[in-house]
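Just the one chain here, the form predicted on its own, laid out as structure tokens.
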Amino acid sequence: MRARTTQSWPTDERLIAAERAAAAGPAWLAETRRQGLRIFRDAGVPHAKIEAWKYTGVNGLVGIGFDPHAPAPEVRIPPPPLAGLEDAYRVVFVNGRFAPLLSELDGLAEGVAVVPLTTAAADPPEAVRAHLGRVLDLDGMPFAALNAAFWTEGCLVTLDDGCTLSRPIHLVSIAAGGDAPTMFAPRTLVVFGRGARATIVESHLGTDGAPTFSNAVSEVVAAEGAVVEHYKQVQGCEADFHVGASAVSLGAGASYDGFALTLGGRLVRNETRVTLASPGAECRINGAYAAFGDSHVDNTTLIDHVAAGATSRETFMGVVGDSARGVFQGKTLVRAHAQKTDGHMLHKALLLSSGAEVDAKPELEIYADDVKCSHGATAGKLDETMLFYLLSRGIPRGQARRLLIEAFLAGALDEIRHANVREALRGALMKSIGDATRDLGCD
């Protein structure tokens, strides 16, 4: 049954235009577009009666009337790099469009390709034909289906067998607010060959202007023994919306280390799905978030243990103040043949005001009998004993509160394996926390 919303969004005219674009586009993409349109039309915009969206309403997004064809304002100056990642290869997109003048890809190693992914390509690379739209199952994911229908440009990252890249690849998506509300749909496909290893950092950044809606999808394929380090930063403006879906497929002995840092935006949803389809695969999905004002941050994950002998770890930590809301929904699914599974999940939240809210729903769904799995969730206020200790050492109350907040969230960043990325994201986090707590009187 189609979901009922207060408005039809996107408008029927835009959906019809997307159908025509699918029919007129290249054959390799047409069926993916049509499938996305079918699923979105059938499902509609998600609402609170759908379990996966029980804690995250999108009526505010629906009522704005975003235009997927609104022109983007010109951006001439590249965003400042994260401190410590100045040497990273950089690929910049502005409202979903590749910005070559802001990008820097000189010196890529042999066997590594980082190229724009465009729907206009009549003959895409083999990796695109083999994997695009095949890693992420669109059923139950209406916004990802909408991305499949509307995306125009994106990024393709491929590593041949045995390739190791010492410098990170930094994918920067700028949400440039113009004169009218804008919707865009970034698309990323990452394919690692056997034994390949590299670090990929995604930054989703906002600028001042009309509200923006970034509806992003990333698909990651790691062959046998590959090591993927995939880190994401979302730092939008107060009027920005970001819904991101990532799907990961791991081969035998492959490793995926993921992290999501959310520091701003009116509504942010990070959804990650990892399939451990082969023995010995390992994934770590971690994250930290800081929500203030009336922002809403949702981290939703699914770790699917299909094969035996795989390992998963998951830790998310958040700080919520003012009237903001944090949501964590984590599910570990262990299928009947996935014996010897080792999976653990934890969520911790710190509430800084009486108006703040956190909803946590960790789940284990286990059909095997020889497993080692656990999950847990906690939420509470600042530790008064620790606060008193700092005050007794002559530290002012506001500064003491800020130190405790920073220390709480910094523990989550310790989960990041890549040292330079860890320090870069730590710096962004500390600056954001400093700015927010200053408004709360924590100087």
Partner chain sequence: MALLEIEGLRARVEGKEILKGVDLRVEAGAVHAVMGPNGSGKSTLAHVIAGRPGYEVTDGSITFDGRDLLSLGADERARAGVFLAFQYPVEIPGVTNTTFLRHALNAQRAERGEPTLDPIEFVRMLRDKMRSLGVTEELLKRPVNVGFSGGEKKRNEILQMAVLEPRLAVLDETDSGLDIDALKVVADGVNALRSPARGMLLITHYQRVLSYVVPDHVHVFAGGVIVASGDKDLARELEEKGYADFAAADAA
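All values derive from a computational prediction rather than experimental measurement. Numbering follows the first chain given and starts at 1.
There is another form of the same protein, the form predicted together with its partner chain; it is not shown, and what comes next is about it.
The stretch in contact with its partner chain in the predicted bound form, judged by heavy atoms within 4.5 Å, is 401-409, chosen from 60-68, 401-409, 42-50, 29-37. At a distance threshold of 4.5 angstroms between non-hydrogen atoms, R397 is in contact with its partner chain in the predicted bound form. In the predicted bound form, its partner chain lies beyond 4.5 angstroms of every heavy atom of every residue of 189-215.
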